[in-house]
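Coming up are structure 1 and structure 2: the same protein chain in two forms, each one given alone as structure tokens.
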Structure 1
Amino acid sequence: MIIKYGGNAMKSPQLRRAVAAEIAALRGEYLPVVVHGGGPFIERELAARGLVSEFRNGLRVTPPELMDVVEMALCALNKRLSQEVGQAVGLMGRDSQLLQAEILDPALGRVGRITEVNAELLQTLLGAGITPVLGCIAVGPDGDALNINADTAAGAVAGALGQGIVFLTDVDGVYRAYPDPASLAPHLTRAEVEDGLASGWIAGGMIPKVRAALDALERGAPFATIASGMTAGVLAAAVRGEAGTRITP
């Protein structure tokens, strides 16, 4: 089971520790793999250096000098998170070629498109009872870091392992009429998601999530759920299919 964790749902240390404990509690029944982002942490480190970044189609334009800061921010967060999950090993995609990628579009700088996931290493760790906590930096063909959207990275890992995925975020799931919480869709098919993307009722940060969900499903993941990481107790319910939005093939 892959858990994508990132964004606003990660900002409060108390909340992060509660979610980490929930991930650890899943270990009785599942073998969790955590893939994390950390947009707010990256923003903080950039701001501390007087740097600003621009997003294009939801992706941070990442020239080499920004890449160093992005990597540093995510590495620090990775260690904190792996400690909070416990019985875990914190890794970045550069470790043992875990995430290999190529430049997505030179205009975006060091932003990558994943070409390969070292699923064997993840399986070895899981087999030893260790939870991998993976930060969304990949290694490029030149041996240097590439910045990967964390939803995309998590979807690729779920696809490579052929396992279900829960995206924890700052809303309860996918709304048919965002931001009306009464319009939460408990279940969406691929066709409905494609309609949402085409007609625009799925927008902004939800786009990379549903795209990553569809990508994981296409590669054999049995389900993909988008659920809230802002409230304690949601993760276990989402895993059971009782919270959030479950997308099925």
Structure 2
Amino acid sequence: MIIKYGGNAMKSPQLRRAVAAEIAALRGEYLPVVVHGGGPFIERELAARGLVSEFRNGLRVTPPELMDVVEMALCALNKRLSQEVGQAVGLMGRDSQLLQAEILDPALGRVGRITEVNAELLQTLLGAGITPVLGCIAVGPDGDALNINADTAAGAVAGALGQGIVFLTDVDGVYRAYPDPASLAPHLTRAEVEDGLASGWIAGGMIPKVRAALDALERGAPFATIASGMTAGVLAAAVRGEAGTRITP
């Protein structure tokens, strides 16, 4: 089971520790792999150095002078989160070439697209009862770090392992008529998601989330669930398909 965790859902230390405990509790039934981002933590480190980042189509433009700060911020968060999960090891994509990538678009700087996942390393750790906690930094063809969107990195890992994935976000799932709570869709097929994108009832910040879910399915994940990480207790229900929106092929 792949769990993508990041963004605003990580800002509260108390909530983050609660979610970490829920991840640990899953080990009784699943073999969890955590893939995390950390936008708020990156922003804090950039601001401390007087650096400003720009976003294009939801991706952080990452010139080399920003890449070092991004990697530093994610490494520190990675170790903190792995400690909070317990019986876990914090890894970045550069470790044993865990995540290999190529430049996505030269205009974005050191932003990458995953080309290969070292699934054997992850399976070895899971077989030893250790939960891998992955920060979304990959290694490029030149041996240097590349910044990877955490949603797409998690989708690539889910596909490589052939496992379902839960995206913990700041919303309860996909709505057919946001923000009407009655319009929350508990299940959508790939075709329904494509229709939502085309007709506009999937819009705004939900677009990159569902595209990451579709990418995970395309790579081989059996399902992708989008659920809230802003409330403790949701994760286990989302894993069972009882919370959020589950998207299937």
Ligand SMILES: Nc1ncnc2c1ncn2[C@@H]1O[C@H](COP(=O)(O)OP(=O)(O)O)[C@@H](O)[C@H]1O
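Think of the rigid core as the biggest set of C-alphas that the two forms share within 1.5 Å after superposition. None of these values were measured; they are calculated from a predicted model. Each residue is numbered by where it sits in the sequence of structure 1, with counting from 1.
Colleague: Which of the two structures shown, 1 or 2, corresponds to the form predicted on its own?
Modeller: That would be structure 2, which is the form predicted on its own.
Colleague: Given a core-based superposition, decide whether the C-alpha of residue 41 shifts by 2 Å or more between structure 1 and structure 2.
Modeller: No; residue 41 is a residue whose C-alpha shifts by less than 2 Å between structure 1 and structure 2 when the cores are overlaid.
Colleague: Could you check whether the CA atom of residue 28 moves 2 Å or more between structure 1 and structure 2, using the rigid core for the fit?
Modeller: Superposed on the core, residue 28 moves its C-alpha less than 2 Å between structure 1 and structure 2.
Colleague: Would the C-alpha of residue 199 be classed as shifted by 2 Å or more between structure 1 and structure 2 after rigid-core alignment?
Modeller: Residue 199 C-alpha, core-superposed: shift of 2 Å or more.
Colleague: What Cα shift, in Å, does residue 208 show between structure 1 and structure 2 once the core is superposed?
Modeller: For residue 208, the alpha-carbon shift amounts to 2.5 Å.
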